[in-house]
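Single chain ahead, written as structure tokens, the form predicted on its own.
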């Protein structure tokens, strides 16, 4: 039998693996191959090929194991259709309806853009003033019921602003929709948050794991969240940055700036784990707009 035929023979491959996995010394395996009629060069080539193929199989199995999720979590890896911010072309300045907005930086994965000057000073002040008397303790999504509940992970206070509730809110929402090329009705109500000294939002994801018991009521109201748009309404005296632990990135809270980031799937592999870092001095005000796959009710 030709050497090439021997190297492609499944029985020969299994025999080489059996000898190797039983702990037999490679020299002994080579000697036995030679006894079967292979030249030393052909025996060495056959054994090298079989073992390299097996090593590749084991590496692929390890990677698959690291990236796998249980069957009931498979929907978390479904690719999400996400907003795509307007391009600045070769520059970094955008005209978005009524404002010039400057791109500070971009990342591709996760898709992230920091915009300078998205809000005017007057808009920031109006959102703070209109929200200050309506604040209550912030809550998180209850993974068991789909409702909301208080949590030590999130210690801010906040309020939701009715979509298009005032001319200013409507103008900002239209600007967001134009900048991100995403339907206005696919956005949740703007949520204004206030962080006092020491308050924070510990590392978390903004999407909802579709395998969790409480995900169904949440997802029925417009599908999965696909992106976050954070608008900084003031500049804290110290602290209060938005941190991305998986990226080693901290984005300072600067009045008027806005941070956009999207998730390619509802899974940690999206690399969108983030936190609102504790405020060290002063206070922090932020307005958050979450975008959904479909119209949000």
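In this text the structure is predicted, and so the values were computed from the model without any measurement. Positions refer to the first chain, counted from 1.
Beyond the structure shown, there is the form predicted in complex with a small molecule, which is absent from this document and is the topic of what follows.
K.L.:
Do all of 111, 260 and 262 end up near the small molecule in the model of the complex, with near meaning a heavy atom within 4.5 Å?
P.N.:
Not a single listed residue reaches the small molecule in the model of the complex, so no.
K.L.:
Looking at 85-93, 127-135, 163-171, 201-209, which stretch has residues with any non-hydrogen atom within 4.5 Å of the small molecule in the model of the complex?
P.N.:
Of the stretches listed, the one contacting the partner is 201-209.
K.L.:
Tell me, out of 218, 115, 195, 182, which residue has a non-hydrogen atom within 4.5 angstroms of the small molecule in the model of the complex.
P.N.:
When the small molecule is considered in the model of the complex, the option within 4.5 Å is 195.
K.L.:
Just to confirm, residue 19 within 4.5 Å of the small molecule in the model of the complex by heavy atoms?
P.N.:
No, no contact at 4.5 Å.
K.L.:
Considering non-hydrogen atoms and a 4.5 Å limit, does the small molecule approach residue 99 in the model of the complex?
P.N.:
Looking in the model of the complex, residue contacts with the small molecule do not include residue 99, since no heavy atom lies within 4.5 Å.
K.L.:
I'd like to know whether residue 29 contacts the small molecule in the model of the complex, with contact meaning heavy atoms within 4.5 angstroms.
P.N.:
Output for residue 29 is no: heavy atoms all beyond 4.5 Å of the small molecule.
K.L.:
If you check in the model of the complex, is residue 175 within 4.5 Å of the small molecule, heavy atoms only?
P.N.:
Outside the cut-off, so no.
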